[in-house]
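What follows is a pair of forms of the same protein chain, given separately as structure tokens and numbered structure 1 and structure 2.
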Structure 1
Amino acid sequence: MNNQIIANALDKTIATVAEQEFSRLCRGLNGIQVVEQVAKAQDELEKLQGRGSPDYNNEWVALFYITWYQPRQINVALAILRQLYEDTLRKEMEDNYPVEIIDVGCGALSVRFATAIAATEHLHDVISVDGIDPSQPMKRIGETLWSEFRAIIDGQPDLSDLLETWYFMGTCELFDSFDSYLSAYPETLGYNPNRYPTFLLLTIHTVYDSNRLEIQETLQNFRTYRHDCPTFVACYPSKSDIAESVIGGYDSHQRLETRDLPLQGVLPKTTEWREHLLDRLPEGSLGSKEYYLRGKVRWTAPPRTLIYGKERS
């Protein structure tokens, strides 16, 4: 599969879902109320430039998240997944042995998208990604992206293998917390490495000052119940202290440079959707926040990502 064809399909998916979501969220609101919601979402997302956490329970935040951050997240997740296939998952892939990824803080499902692409490249069709995330708006918009992605790759001959993987991954499930995961999979307690898939625990750009203890506890719970599954925590350098404390000791540490990411350049359709949005709002109503919507949406942005890995002990 060609990176550019994948990039185009993802760009079209994001722009299509953004338009559907915007129309849905605008229903019943007047122009001023729409401007207020758009401005508020930009304020919330600005917190990501520091160590704060936006209000992920706000549907407008989820909408603007997917049109700006989601491409970078998919790109980082894709680089990580490709590498995992080269290292940790090589044997499973050769034997076509089942692998289940648990994505803590799955957000809008960037890891599921990246896994589908990397698994297709490695002809590995027994992989699934279950997600844990308390945010309904993020999971909901992620599911909408995932089903729109199917519609967009369907009928593209170059992406027929990816479409097949999409169907194989149809059983992925989403949960609010470790506890809801455990009540859905009580057999986890009777774990038997000969009968169950290989598990991998991932958390990508999910740690904040405010949730470090919760994420730490979730990772610890999974490692207890899943018998020390290999675990990977990815973060920006400004949050390395949080990541190091949540993983609780690591065996590997890597830096993923922006230039090494697989997808490069601009997403034209998503960029156009954001620019066009400005034309639909009363002129000048967003004030200095117009700046956020005028920028080109890119697959990459500095800084580099750090990846901490912990093996089975």
Structure 2
Amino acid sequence: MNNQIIANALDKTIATVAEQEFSRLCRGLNGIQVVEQVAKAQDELEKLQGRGSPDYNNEWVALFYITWYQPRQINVALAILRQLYEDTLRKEMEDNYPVEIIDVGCGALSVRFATAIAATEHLHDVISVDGIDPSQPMKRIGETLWSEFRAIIDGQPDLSDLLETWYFMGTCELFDSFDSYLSAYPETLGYNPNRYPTFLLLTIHTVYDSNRLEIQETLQNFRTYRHDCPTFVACYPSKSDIAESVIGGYDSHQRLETRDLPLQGVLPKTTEWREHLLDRLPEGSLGSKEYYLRGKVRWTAPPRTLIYGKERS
């Protein structure tokens, strides 16, 4: 598939959902209240580059997350999944064995989008991406994006194979916690001779001090029962020490360079939506925070640490 066609479809998806969500969230609020919510969301998301954790239970935070960070997360996940298909999944692909991805901290489902693209490229249709995240606003906006994406690719002949993959992935489910996931799929951690062989991949997003122990426990469960389960963690350099402690024991730690990411350039529709938002707010009401909304939304970000564990040592 053509990277630019995919990028355009995703860009249109994000911009469309952003406008729908903004209109919904603004209902019943006056101009000052809207400005307060926008400013608060920018303050919360700024924590991603420091040591804190944003309030992902805030719907305004979810809205501005998808219009800035979501493209980067999709791009990082796509780069890793493409490499995994080349290096690790070829045998499973040839035998058409199921590939199960458990996305810990799935947020707005960036890994699900990346998986659909990578699976389509490699003609592998037996795949599922189950997400675990306590944030209802993030999962809800992710599901909205997923549905809108289907509507957008439905009318593009060049993306007909991707649409078919979208339908194959219709069984993907979302959970609030790892325990609730295990309640639904208790066989995941044990050997079941009646199941087809599966390839299990864990993806973990930004790790915080607040969820470090929970993620470590989750990883330990998989290491105990499923042994060498490939895992990758993406984070900002400021949180790399936390991520290192969580994923410790893997033999392949590497930084993903910006030039290695498959999608490049600007998201024009999403950028335009953020810039146009300022025209709908009282002039100067956001003060210095206008800077955040005037920046071009890009598929790549300044170099980030990507800790990627292929196998356990």
Ligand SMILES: C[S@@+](CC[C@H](N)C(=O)[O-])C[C@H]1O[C@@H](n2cnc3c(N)ncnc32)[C@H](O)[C@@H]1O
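None of these values were measured; they are calculated from a predicted model. Start at 1 and count along the sequence of structure 1; that gives the residue numbers used here. Between two forms, the rigid core is defined as the largest C-alpha subset superposing within 1.5 Å.
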query: Number assigned to the form predicted in complex with the ligand in this pair; finding: 1
query: Yes/no, Thr165 Cα shift of 2 Å or more between the two structures with rigid core fixed; finding: no
query: Inter-form CA displacement between the two structures at Thr206 - rigid core frame, Å; finding: 2.3
